[in-house]
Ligand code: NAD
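Take a look at this single chain in structure tokens; it is the form predicted on its own.
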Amino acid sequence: MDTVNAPAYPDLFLFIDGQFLAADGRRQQDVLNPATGTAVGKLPHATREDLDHALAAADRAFQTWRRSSPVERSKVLRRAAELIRERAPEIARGIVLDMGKPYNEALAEVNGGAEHAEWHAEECRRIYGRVIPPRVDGVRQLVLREPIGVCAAFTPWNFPFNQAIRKVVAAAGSGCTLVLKGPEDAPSAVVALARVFADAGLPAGCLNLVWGVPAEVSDYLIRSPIVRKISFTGSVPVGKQLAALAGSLMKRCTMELGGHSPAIVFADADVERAAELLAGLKYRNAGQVCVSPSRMYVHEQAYDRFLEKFSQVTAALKVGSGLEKDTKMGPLAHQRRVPTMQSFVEDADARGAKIVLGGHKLGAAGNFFEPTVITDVPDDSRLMTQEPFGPIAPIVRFKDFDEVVRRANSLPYGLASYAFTRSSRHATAIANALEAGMVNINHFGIALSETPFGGIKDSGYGSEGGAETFDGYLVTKFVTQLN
């Protein structure tokens, strides 16, 4: 893959009631390539009339789709998975051009989306109710699970395809319809996703795609009496605002918010392997991953070996355009994130931390920042208390189990966590002690289609994936009948 042979960026559209809508006089915004800072496309924004059209289409489609057979829904999702795999290279190239991640990472993201479609195709056929034995002869008691209705979903730019398809397949598989606002900064993958479902046979109105000023669109959709459920993936501050609005209207939410994931390396761990794995995870997508290991706590007996290996892996990373061969880390998605990274480094430096590697912007063009390693970082520094969401790895020492648990759990976040140990006793103890929705021990094993993905505390509530995936899209109805 090289920039010379890179394809043209795809045209962008709204998708409402089965129709792809171009600008046609609508307001547009430039879509920028973060590797160059140049515009690669123009994205049309929805008007107020477009939003009303999308809501009405979703409401109308729900009246039929809610009564569709799970077998029919399953066929649509299976066909979508086939089309995703066929179109994966093209979709991945679009992600590189508007989001910036390396091509191989983008391709893996898209192919992973096909797995989500396939898994939901199976699981949607297993949405069961139950019969409760009655206390009185002649009474029949049934528990039914029914689709909640029209849903509004808001998805982020860091995994534009993966985060959008999770919500689409859960809504469609449960019998709900959806109005989706994707990321305006990285829209091509979501437009491609709409094409996939249109071609897979999802009826018109079941999926609608809109764009616009995020605060304005989210406020309008959530306030609409048509919308019954909200799903949001993004930052903690925005998630709290949307959840507060939805709560005031008694609307159900799924909130997958930010994290600041602790990674704990005990003295008895395979230290070099832990360092290599954590370095790979840390700089994946330039650190712009909500479950990125972002606070490394290493036992003092293993610290020097860990730091040496982690720094070695970090120093070898090739940074560049995601379309260039052998690139391991691309640019930050937004220009504004570059000075934010610099401010994290400056705060750590002012507090006596040691900059082992990196710490600076790379090059004049694009949003590139050096993979950075910082040690001896105080626990009250910005880097240890605020999610950096970038390629900066703080590494600090700890002495004993109780100390590291206290420090790991000290923040209001609770999304993902990591621990490395050869001791089954330590593994069980740390799994029980960590306050997080997902715990990885000795490997990275989360975000699979068959496993629940979600956090606790300020990192949100509700799960996507796993058997829990449909819970947020279904209501429970109890029927008692005397014959």
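Keep in mind that what you see is a predicted model, and the values were worked out from it rather than measured. From 1 onward, residues are counted along the sequence shown.
The same protein also has a form predicted in complex with the named molecule, omitted here; what follows describes it.
Visitor: Within a 4.5 Å heavy atom cut-off, is His334 in contact with the named molecule in the predicted bound form?
Guide: The answer is yes: His334 has a heavy atom within 4.5 Å of the named molecule.
Visitor: Using a 4.5 Å heavy atom cut-off, state whether Asp98 contacts the named molecule in the predicted bound form.
Guide: No, Asp98 is distant from the partner.
Visitor: Flag Glu387 as yes or no: does it have a non-hydrogen atom within 4.5 angstroms of any non-hydrogen atom of the named molecule in the predicted bound form?
Guide: Answer yes; at least one heavy atom of Glu387 falls within 4.5 Å of the named molecule in the predicted bound form.
Visitor: Would you check, heavy atoms only and a 4.5 Å threshold, whether Trp211 touches the named molecule in the predicted bound form?
Guide: No, Trp211 is distant from the partner.
Visitor: Scan Thr372, Thr254, Thr177, Gln163 and let me know which has any heavy atom within 4.5 Å of the named molecule in the predicted bound form.
Guide: Looking at the other structure, the residue within range turns out to be Gln163.
Visitor: Quick one: from Gly359, Gly258, Pro293, Gly149, grab the residue that has a heavy atom within 4.5 Å of the named molecule in the predicted bound form.
Guide: Selected residue: Gly258.
Visitor: Of the listed stretches (234-242, 87-95, 188-196, 114-122), which one has a non-hydrogen atom within 4.5 Å of the named molecule in the predicted bound form?
Guide: Contact criterion met by 234-242 only.
Visitor: At a 4.5 angstroms cut-off on non-hydrogen atoms, which residues of 134-170 are near the named molecule in the predicted bound form? List them in order.
Guide: Residues within 4.5 Å: Phe154, Thr155, Pro156, Trp157, Asn158, Gln163.
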